[in-house]
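Only one chain is included here, represented as structure tokens and corresponding to the form predicted alone.
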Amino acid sequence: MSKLKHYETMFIVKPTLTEEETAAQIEAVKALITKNGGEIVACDDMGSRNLAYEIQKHKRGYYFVVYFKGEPTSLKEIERNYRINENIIRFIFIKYENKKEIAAWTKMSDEAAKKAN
């Protein structure tokens, strides 16, 4: 059994979805992470923002960040689901490994948790 790693994933949902559909997409991603053995620590709902450049003819997107701990092997399945989900137009995973990076991850996840409350 390997040790859980610290990750951050940010994904952008299509701006054409309704508020309910966007919330459903976010919940689906959270469920996907936990289903694959991830432990969600905090989430940061960044809301609708302008994109740096046009993606699939969209100039805006709904940004959401999830801070979680998980097995490195589970990322492939999460990434595969992101790629086949037509409502997610971009995503990124960031892995935090050394003590300095994990301290930064902890600070960011704490701030996201405070913002959510």
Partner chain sequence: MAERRKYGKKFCKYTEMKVDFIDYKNTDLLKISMSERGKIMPRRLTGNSKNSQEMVEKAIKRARHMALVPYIVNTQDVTDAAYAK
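Everything quoted here is computed from the prediction, not taken from an experiment. Numbering follows the first chain given and starts at 1.
Although it is not shown, the form predicted together with its partner chain is what the next lines describe.
Quick check on this chain: which one of 46, 75, 28, 40 has a heavy atom within 4.5 Å of its partner chain in the predicted bound form? It is 46 that has a heavy atom within 4.5 Å of the partner.
Although the partner isn't part of this model, could you tell me whether residue 82 comes within 4.5 Å of its partner chain in the predicted bound form, counting any heavy atom of the residue? Looking in the predicted bound form, residue contacts with its partner chain do not include residue 82, since no heavy atom lies within 4.5 Å.
Could you confirm whether residue 67 comes within 4.5 Å of its partner chain in the predicted bound form, counting heavy atoms only? Residue-level check for residue 67: yes, a contact with its partner chain.
Would residue 101 sit within 4.5 Å of its partner chain in the predicted bound form, counting heavy atoms only? Because a heavy atom of residue 101 falls inside 4.5 Å of its partner chain in the predicted bound form, the answer is yes.
Its partner chain contact in the predicted bound form: residue 32, any heavy atom under 4.5 Å: No, no contact at 4.5 Å.
Residues of 41-61 having any heavy atom within 4.5 Å of its partner chain in the predicted bound form, listed in sequence order: Heavy-atom contacts to its partner chain in the predicted bound form: 46, 49, 50, 51, 52, 53, 55.
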